[in-house]
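Take a look at this one chain, the form predicted alone, written out in structure tokens.
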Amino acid sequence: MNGVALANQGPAPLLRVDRLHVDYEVGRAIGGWPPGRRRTRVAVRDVSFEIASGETFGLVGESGSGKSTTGRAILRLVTPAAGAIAFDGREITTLGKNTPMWYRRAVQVVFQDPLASLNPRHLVGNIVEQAVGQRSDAPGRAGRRRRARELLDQVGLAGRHAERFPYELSGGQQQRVAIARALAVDPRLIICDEAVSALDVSTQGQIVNLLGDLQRELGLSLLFISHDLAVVRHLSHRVGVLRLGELVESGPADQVYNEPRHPYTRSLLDSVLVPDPVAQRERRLARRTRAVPRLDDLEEEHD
């Protein structure tokens, strides 16, 4: 299936990804003609989807399916080989090498490993204050400090956490700091790239609930990237399923989960463990008899 057609009904989307294609160079070929020709691997192929204002779009798939590459293309961290990305009606793939500040403020990201994304030499309060300073209407030093404390409170952290270093916090607290930093510039879209996968189950639930509350309160749009189908379903209004760089299915979350159309989607859903040995055994047997296109077959289709 070469992508999923975009809907043209309703108001204009905040983000539109249209037939996105991203390649990675994996070296130079030895022999053949011309000598030393580039060898590339397709990471994302013909991916299309939209995100409306105030909506969460869940992007789900196995490791290596192209989820994070899609997010990095939207963030302008990788250059697409083809396709278009439009934000609020403005084409962003033609902006040149330097990403304009308005776009960097409008689109923020929360990464999988919060400790790796936070400066270990700075106090938590200083980290958030620096982000507040990137606003177009950045206040003075006292105003930045006050706003940083407000943001930490908004994500559920007490004032004492501002005087700690990131490594002194738990994983869930570190991710709350990362979220507060993302909120500091009043973004319109936040890309959550496996933002809860490194956390324990109870902390995952807390962070997912926090993101949902912030979305309703602030009208944020979210691109929620994850391999965890249960988490994606809980938070997302619509879901897209990626396989080997292609969007094989997309639609409302309940529809995708309750009436999956593609064999790969059904296989992913069947692989989720359930607390019932009998039901788990029946699902395992059903999965063995269900035909899912092999990787070799898929590659032959695109030759």
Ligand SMILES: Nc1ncnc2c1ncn2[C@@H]1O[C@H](COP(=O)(O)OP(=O)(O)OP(=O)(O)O)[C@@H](O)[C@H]1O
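The numbering used is simple: start at 1 and walk along the sequence shown. Bear in mind the structure is a predicted one, so any value in this text is a computation, not a measurement.
Below, we turn to the form predicted together with the named molecule, even though it does not appear here.
- This chain is displayed without the named molecule, yet in the model of the complex the stretch 62-70 from 62-70, 262-270, 231-239, 47-55 comes within 4.5 Å of it by heavy atoms.
- At the 4.5 Å threshold, heavy atoms of Val248 stay clear of the named molecule in the model of the complex, well away from it.
- In the model of the complex, the named molecule sits within 4.5 Å of a heavy atom of Ala43.
- Contact check for Glu194: a non-hydrogen atom falls within 4.5 Å of the named molecule in the model of the complex.
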